[in-house]
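Next up is one chain by itself, shown in structure tokens, the form predicted alone.
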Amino acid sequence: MSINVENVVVEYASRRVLNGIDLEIDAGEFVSIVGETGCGKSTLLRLILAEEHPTEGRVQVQGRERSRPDRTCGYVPQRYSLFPDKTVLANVAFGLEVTSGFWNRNSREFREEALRYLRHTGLSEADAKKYPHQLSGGMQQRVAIAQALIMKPPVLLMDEAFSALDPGTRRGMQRLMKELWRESGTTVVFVTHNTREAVCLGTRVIALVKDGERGSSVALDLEVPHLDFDSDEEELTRLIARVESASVKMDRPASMAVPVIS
């Protein structure tokens, strides 16, 4: 087992956000988490990252309870966390340099490794010399993914990582991410609002639903076949409808369910 979330409750002041979350995620799974805005998707991700801690219950990664962020979990946020004053290459190599403690001795080796990861995500040596502001949004997100993967984390957490991209770039990044996951065997936990994206990328889809003041709980935990964005449309539509019907707020009439996202 890679991740274990056991009877987790999260409260902010008097407001309950998560209510009794129990999840077991095996090594190598690609788990998509969906749900309406404010249902605690990002909160759950931050608990696994150990940026936050549960009010009740516990979160373990690889059998160890989470206490602080470390190299066990890589993280790709919605907005690119790149250093504006460093080149693309330096951004990707930064984590290796900091954690090694041997800046001068290994710097060249780290830069060569960083260049390999940049090529792996579809960028070139010319791109490596640029600064983040000289790149498109999709290229910046490729750098952020390379920055996370170069640390070889057992778990990669992605929080709405493609939501700020235009549709064409987003499709390219979705396909790239699935290829990288297949090659690396990394456990991926992927938060998204896009149900089609969740179904096509994940081997498993978890839907959180908010129950008023009681907070959110798991409404659906669904294993899905290895689909992609060119799979049979009828099968995709059926799975998307099932996930979206489970994601509707408990106090909302079923007739007001969110429409299918394409």
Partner chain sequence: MSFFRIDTQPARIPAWVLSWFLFAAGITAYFYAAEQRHRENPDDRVMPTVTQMVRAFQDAAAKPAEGQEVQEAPQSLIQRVRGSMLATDTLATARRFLISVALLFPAVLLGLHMAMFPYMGAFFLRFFQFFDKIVALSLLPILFIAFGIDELSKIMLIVIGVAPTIILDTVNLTKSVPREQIVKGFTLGAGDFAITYRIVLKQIFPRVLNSIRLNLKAVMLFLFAGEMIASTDGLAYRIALLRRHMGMDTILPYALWVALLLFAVDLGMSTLNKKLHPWFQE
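Positions refer to the first chain, counted from 1. Owing to the predicted nature of the structure, the values given are computational and were not obtained by experimental measurement.
Although it is not shown, the form predicted in complex with its partner chain is what the next lines describe.
Original post:
Just one of M173, L135, L115, L82 has a heavy atom within 4.5 Å of its partner chain in the predicted complex. Which one?
Top reply: Of the listed residues, the single hit is L82.
Original post:
Would D26 count as touching its partner chain in the predicted complex under a 4.5 Å heavy atom rule?
Top reply: Heavy-atom contact with its partner chain at 4.5 Å: absent for D26.
Original post:
So, in the predicted complex, is P69 in contact with its partner chain at a 4.5 angstroms heavy atom limit?
Top reply: Judged by the heavy-atom cut-off of 4.5 Å, P69 is in contact with its partner chain in the predicted complex.
Original post:
With the partner left out of view, is E97 within 4.5 angstroms of its partner chain in the predicted complex by any non-hydrogen atom?
Top reply: Answer yes; at least one heavy atom of E97 falls within 4.5 Å of its partner chain in the predicted complex.
**OP:** Report yes if any heavy atom of R119 sits within 4.5 Å of a heavy atom of its partner chain in the predicted complex; otherwise report no.
**Re:** Contact with its partner chain, no.
Original post:
Which one of these stretches, 121-129, 146-154, 165-173, 188-196, sits within 4.5 Å of its partner chain in the predicted complex when only heavy atoms are counted?
Top reply: That would be 146-154.
**OP:** Pull the contact list for 50-64: residues with a heavy atom within 4.5 Å of its partner chain in the predicted complex, in sequence order.
**Re:** Just E51.
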